[in-house]
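In structure tokens, the next block holds one chain alone, the form predicted on its own.
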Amino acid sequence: MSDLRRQHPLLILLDTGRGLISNLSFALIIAISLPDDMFGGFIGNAIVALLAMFGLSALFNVLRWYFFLYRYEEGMVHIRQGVLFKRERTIKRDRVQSMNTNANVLQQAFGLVTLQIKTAGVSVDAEVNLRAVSKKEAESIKEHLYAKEARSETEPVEVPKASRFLQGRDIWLAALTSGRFMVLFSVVAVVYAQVYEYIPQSYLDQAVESLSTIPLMVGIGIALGLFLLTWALSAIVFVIQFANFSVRRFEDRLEISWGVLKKNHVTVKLHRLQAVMVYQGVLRQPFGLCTMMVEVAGGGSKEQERVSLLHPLIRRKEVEGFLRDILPEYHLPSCSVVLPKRALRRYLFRSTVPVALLTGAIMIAFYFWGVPYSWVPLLLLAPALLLGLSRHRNGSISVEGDQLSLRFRNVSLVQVLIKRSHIQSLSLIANPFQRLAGLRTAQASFLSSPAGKSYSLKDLEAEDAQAVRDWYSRN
């Protein structure tokens, strides 16, 4: 049993820095409300208010750090916290769902990490963060909670059964095909939406007038240049984020780590793993590349807590070998049942009708506004038709042994591998039109998020869907 101890004092600086923006906002509000002659005008008022807010914040963080105590022993972590209202909490081994670590640049400089202990449940109490403990301390806590018996000093360190890495040109290939180049445009759009009402109208009119004088080819060149610049910046951010990526398979868990500026270490217990997904994005599919993810039970209500990255980039032809090394419990199906030909018109209908309605509305608006080339929106129908055709061609289902495999396309091509023991329910759904056509939708639900998660494949042959249902119902 360890003694009661505190986290590293660096936590005071981290918490105070995190509240700096909010303190600055409050300081400006206070400075505006104070009389101008109190501290030498607005600037003086703002400085005094900021120092006061910063001092109060630092004092509160010192007290919170001082009264936050923890200790750990075999199979248990005990936490005592609270400045005015005291609170004690004990976390037992059988309630722990996962323990992950990460460290930003400042933490790395002091040899510290953040240890996240996630327990069963969806409330705030389902997670505990020790945000300034040494690496050795974090490993010791994990050892005491995970190990059934304390490991002796002479016992050898556990060696992974298999390991995979992402390095060299593969990480740049993953960055360039990640599809993240639109993220920076989204950030700019969000910022513009927030500050739009504060921009003087004269500035906006001047900007529009300046843009209208730019020749068409020059404008296209500028837009293309900005697109390439955001693509390059997004690729660099991706490389920094996922550098030093590795996934290691141990007897009862997977350990995944990545990052340079912020180092992350995620442990996925195998008994919590509910499904394996193989994603092929639009940019990656022509090159035979894909991303592998896993669905994890008990992570929490947020998407990032229940879906864990298994490998950011792997060649499709290497997926079977990867599963054989890292997750031999799963495999790619050797054969699958495809969708019937008569289901094609239903897929084309679902993909083209919404686009056709949107196209019609745009064309009508262009006509009344006098916009030239009002026929251009019709070009959107071509990719909609191709998407519907691709969804039909790629849809398939397979049952082999105790594994169900679903393959479908939204925009990305997705293949889901689920063990029968992890399927909570398997439903066959049919609307009146599907019943007339002898088609069914197969939906497999499993425990992942608190509300559950499901994947489905639409418009299967009724006999094929029933065969899958019989497979699931069989003992």
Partner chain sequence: MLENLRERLRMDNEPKESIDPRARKVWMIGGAIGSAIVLMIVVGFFFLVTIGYGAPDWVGWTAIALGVAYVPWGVFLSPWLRMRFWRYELRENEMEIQHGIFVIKRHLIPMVRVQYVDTEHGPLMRYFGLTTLSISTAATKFAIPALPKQRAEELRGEIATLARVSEEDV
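This is a predicted model, so every value here is computed, not measured. Residue numbers count along the first chain shown, from 1.
One more form of this protein exists, namely the form predicted together with its partner chain; it is left out here, but the text below deals with it.
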Open item on the list: Exactly one residue in Leu417, Ile423, Met53, Ala31 has a non-hydrogen atom within 4.5 Å of its partner chain in the predicted complex; which is it?
Closed with: Ile423
- [ ] Spell it out for me: taking its partner chain in the predicted complex, does every residue among Gly17, Arg89 and Lys136 have a heavy atom no farther than 4.5 Å from it?
- [x] no
Open item on the list: Gln274 versus its partner chain, in the predicted complex: is there a non-hydrogen atom within 4.5 Å?
Closed with: yes
TODO: Report whether the minimum heavy atom distance between Leu436 and its partner chain in the predicted complex is within 4.5 Å.
DONE: yes
TODO: Although its partner chain is absent from this view, report whether Pro35 comes within 4.5 Å of it in the predicted complex, heavy atoms only.
DONE: no
Open item on the list: Check Arg474 for me: does it contact its partner chain in the predicted complex (non-hydrogen atoms, 4.5 angstroms)?
Closed with: yes
TODO: With its partner chain left out here, work out from 409-417, 23-31, 65-73, 438-446 which stretch has heavy atoms within 4.5 Å of it in the predicted complex.
DONE: 438-446
Task: Residues within 4.5 Å of its partner chain in the predicted complex, restricted to 389-404 and counted by heavy atom - done: none
